[in-house]
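Okay, so here's just one chain, in structure tokens, the form predicted alone.
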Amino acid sequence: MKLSIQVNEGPYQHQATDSAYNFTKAAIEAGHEIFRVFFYHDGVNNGTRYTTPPQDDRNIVDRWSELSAEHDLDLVLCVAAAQRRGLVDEGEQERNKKDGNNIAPGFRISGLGQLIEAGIQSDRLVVFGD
């Protein structure tokens, strides 16, 4: 089965992100294809490379980056939600004249069209968070 995942909550404010990560990992291990993971609303905060949790806590951003590298996952941050929350990639940095970028490895910024495409191309779109 081809699945897409939508994550609407930030990495440390709600169980939704941990659930989405564990679901995605389990789906891959069960042989399902993950078409895309789309981060929307506060979920875009899963894609900042500046997240630095305490040493005894899990690093959710690194988990997503590692899973993406291992399985060639398409991790997409909604551009409008990302900009509202201060997340920019190199293209948005240049376009908006910012002095840096902060997107974690494996993530990219794109528009809602990527979410629509994920829903069309997948057998199921599974949503985590409000």
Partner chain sequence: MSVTKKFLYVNRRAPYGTIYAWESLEVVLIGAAFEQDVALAFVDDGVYQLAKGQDTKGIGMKNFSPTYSALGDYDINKIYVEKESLEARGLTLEDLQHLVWEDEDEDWAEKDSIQVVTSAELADLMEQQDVVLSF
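Note that the structure is a prediction, hence the values are computed from the model and not measured. Residue numbers count along the first chain shown, from 1.
This next part talks about the form predicted in complex with its partner chain, which is not shown.
Asker: Okay, which stretch from 49 to 57, 68 to 76, 97 to 105, 35 to 43 lines its partner chain in the model of the complex, with non-hydrogen atoms inside 4.5 Å?
Answerer: That would be stretch 35 to 43.
Asker: So, 84, 112 and 122: all three within 4.5 Å of its partner chain in the model of the complex by heavy atoms, or not?
Answerer: Checking in the model of the complex: 84, 112 and 122 are all within 4.5 Å of its partner chain.
Asker: Taking its partner chain as it sits in the model of the complex, is residue 80 in contact with it (heavy atom to heavy atom, 4.5 Å or less)?
Answerer: Residue-level check for residue 80: yes, a contact with its partner chain.
Asker: Does at least one non-hydrogen atom of residue 18 fall within 4.5 angstroms of its partner chain in the model of the complex?
Answerer: No.
Asker: Within 4.5 Å of its partner chain in the model of the complex, counting any non-hydrogen atom, which residues from 1 to 31 show up?
Answerer: In sequence order, 6, 8, 9 come within 4.5 Å of the partner.
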